[in-house]
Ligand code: CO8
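We begin with a single chain expressed as structure tokens, specifically the form predicted alone.
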């Protein structure tokens, strides 16, 4: 049975970014417009006035200072508050394909691989821009990869679920090298009019190359073990689908966009994920407190702080649990992969770390890795 490794990672970052200050200015302008237009109804007690926000509130609530997006102009326009991403003709490369290909090429270059070396592509992301053809098949074609490809969605845990799926295919002999790509345009499913959540998400794409160790470069990461878990919950939900149609900007149909019960999610997910990490580490014969680094899902700074504390037994510093949340925002399944991609080169051979994601479902995935060379 082959040993499975991560041999390369890649990252695509959009060119446009929105600071908390810019985001709050546009949101507060919208609040003023809304309250003015509905002044008589507010005065009559028929509806409640919207409340303004502040950059300080956003950072305190989430730890986020800015986020990258595929379209800034539409989001900061108080009359729109939604990205403007026009449909491309069928013969043109789709936007998720374009993002995914960029990240994939970096992962392939890092591993010293060409299209001929790769057997399969899995696109693992929280939202696909169409039902079919699969985004993975389009990316496979754009890269010139033979074999097969398919899409999968486990919300914010998609990437770690994709890594275990890829590892299982290699272990079973159905592939030797599998590319896991996560193009996340989360700005498209966010309700930018909701004071409690409009600041959460950003856009990005990541790629991870999972391979048989026999074909991997000298510098790689052994996958020591993976563990997946799902528990049904309505506390994070998006009801948009082909059986319904949201209005152009989601007005009056807020459940067709991202919604969550944040306090419940915090209270229920933190102990679930921490327990899962500790139990899986012990099954693998790893002392969880000896983990050199935790690359955790980048959703909320408070959640990561508590999970890291429960796992390591002490307050984790930035070296033990690095964050990219402040600059990227929550990028759904890509968050932990961005953290891994940007913060792994300084580790020494033999160091053991953990890639972990968690989110809607509830879903959670762990990937324990050890640096080689």
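Positions refer to the first chain, counted from 1. Note that the structure is a prediction, hence the values are computed from the model and not measured.
Missing here is the form predicted in complex with this ligand; even so, the following discussion is about that form.
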Checklist line | Touches this ligand in the predicted bound form: residue 201 (any heavy atom, 4.5 Å) | finding: yes
Notebook entry, point to check: Does residue 359 reach this ligand in the predicted bound form if we count a contact as any heavy atom within 4.5 Å?
Noted result: yes
Margin query: Since only the chain is shown here, I'm wondering whether residue 266 would be in contact with this ligand in the predicted bound form (any heavy atom pair within 4.5 Å).
Written below: yes
Notebook entry, point to check: Should residue 42 be classed as touching this ligand in the predicted bound form when contacts are defined as heavy atoms within 4.5 Å?
Noted result: no
Check: Which one, 61, 29, 306, 316, lies within 4.5 Å of this ligand in the predicted bound form by heavy atoms?
Finding: 61
Check: Among 177, 96, 226, 300, which has any heavy atom within 4.5 Å of this ligand in the predicted bound form?
Finding: 300
Margin query: Tell me which stretch of 83-91, 209-217, 272-280, 121-129 has a heavy atom within 4.5 angstroms of this ligand in the predicted bound form.
Written below: 121-129
Notebook entry, point to check: Is any part of 147-167 within 4.5 angstroms of this ligand in the predicted bound form by a non-hydrogen atom, and which residues would that be?
Noted result: 155, 156
